[in-house]
Every structure is written in structure tokens, then in C-alpha cells.
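This document opens with one chain alone, in C-alpha cells, the form predicted on its own.
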């Protein structure tokens, strides 16, 4: 009993900090959502009147639909290509030993560890000089600089957890490399691929610095629109700003929730290592 009390007292500061953090985040989120559906909210616990005007007007006023389309075009392509590059690269780094393996692992960690501006400014100078800046291809490529290393950081632990003896046994029985990869490796990696796909998508969708540096009026994502609008918040209606924030939160919270649900489903379906 005393041990349990002592353990609780030791953990109490951490519990209080985490609880305070969660309450703060939830409080801010609820406040923004409620503010988006109210005419005015001053001096009361809850808004005194409710309306869909802010949500409906913000959609057309801020051209949310157009920014959604641009964001999906760029982020879906960047996520797909990042995964295409990360899966074979991760497999090699997880399964093979070669002279520069350690150097490559450190190299792929740099885009995650370094400030994005430190990466983006030289790339912006290069892309503007070769005509790739402010194009869909240019923004997709620069997002892949973040997407591939981030994808590798998630994929490699899944690949290292796979039992290599199954692959060896299949090759011993006559299966070629293509059969081993498509029939044995890929099915085992479905949980990892799914987790990586969603997390890379969310990371790239929320990227601000690289898209701002390399993008242009036709390739700015919803993230850029939200931040540029909030920078001029004093001249904007608070209700419209709340509605804009809600539109930005929808895909972020949606994909994050989907990630958690799929992780539980895949854990039950395929088991955990």
C-alpha cells in the first residue's frame, strides 16, 4: 500500500502537467469550434446565439475548396512518392550491411533534425534558378525531402522486426526475389506502410516553411492560407477566423484519428511484434 502511495506521489507532478496540457489543448479547440458557430461570444460561458453563417461564408470568402484541392494534389503525390522511395530504401537499410550504411542513416536523419529553413533556403535558390519554384513538381519534390526521411524513421523499425528466416526459407524452397517481396515482405509490412502513409500525409499537409519558400500563388496549400490569414487577424472577423481554423482542423484531426483507429485494427489483424 505504501509503495502504491509513494509511486502515486512520484507520478503526481507528471500527471498534473499532462492533465494541464490536455485541458489547455482541448479548451482551445472547443473554444475555436464554438466560436465558429456563434454570432458573438462575450461574457458568457457558452455563446448566446448560434449560426452557420461563419462556416458557410468562410468557405467562399477564403476559397477553402480551392485550397483543399491544391493541398490534396500536392500532398497526396508527395506522400505516395515518399513511400515509394522509403520502402525499398528502408528495406536495404534494415536488412543489409555495407560500408556506408551508418553514414546513410545519419544523412536521412538530417532533414528531420535540422530546421526546415536551413534546408529550404538553399533548395529555394536552386529551384528558382532552374525554374522549378512555384510549380507543383517543385513543391512536391521539396516536400519529399521531409517525407522520405520521416517515412524511413517509421518504416525501418517495422522492417527490423520482421523475421528474416521466413524470407530465407522461401528462397530455399525456390521462390525468387520478386515473389519473396510481393508474397512475404509486403504483406508483413501492411501495418507499417499504413501507419507511415497516414503520418507522412499529416506531416506534409501541415508543412509551412518549405511550401512558403518554394510555392507560389497557384501552389500554396491550405496551411499557407491559414497562417497568412492569421497574420492579419486584427483586420479579420473573429468568427470567420474560427471557421477557417475549423476547416484546417478537420483533415488534421480526421487523419490523426484514422491513424489511431487503423493501428488498433491492424494490431488485432496482424498482431504486434
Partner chain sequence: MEQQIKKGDYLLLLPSAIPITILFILPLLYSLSLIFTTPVYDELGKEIYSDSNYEYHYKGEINRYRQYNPETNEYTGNDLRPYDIKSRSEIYKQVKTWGFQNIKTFFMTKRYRVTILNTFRLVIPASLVQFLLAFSMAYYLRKKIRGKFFLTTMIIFPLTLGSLIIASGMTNLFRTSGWFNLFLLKVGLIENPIVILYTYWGTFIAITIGGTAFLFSGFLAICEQFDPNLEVAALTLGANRFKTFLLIFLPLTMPSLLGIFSLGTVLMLGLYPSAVLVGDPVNTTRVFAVAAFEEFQQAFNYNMAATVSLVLTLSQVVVLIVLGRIRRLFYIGFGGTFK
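Residue numbers count along the first chain shown, from 1. Computed from a predicted structure; not experimentally measured. Take the two forms, superpose them, and find the largest set of C-alpha atoms that agree within 1.5 Å; that set is the rigid core.
Beyond what is shown, the protein has a form predicted together with the partner chain; the following relates to that form.
Residue-level contacts in the model of the complex: of 123, 156, 77, 198, one residue has a heavy atom within 4.5 Å of the partner chain, and it is 123.
The partner chain is not drawn, but in the model of the complex it has a heavy atom within 4.5 Å of residue 164. Residue contact check for residue 218: none of its heavy atoms lie within 4.5 Å of the partner chain in the model of the complex. A residue is said to contact a partner when one of its heavy atoms sits within 4.5 Å of a partner heavy atom; residue 115 meets this definition for the partner chain in the model of the complex. Interface membership of residue 60, defined by any non-hydrogen atom within 4.5 Å of the partner chain in the model of the complex, is ruled out. Residues from 168 to 196 that approach the partner chain in the model of the complex with a non-hydrogen atom closer than or equal to 4.5 Å are 168, 177, in the order they occur in the chain. After superposition on the rigid core, the Cα atom of residue 257 is displaced by less than 2 Å between this form and the one not shown.
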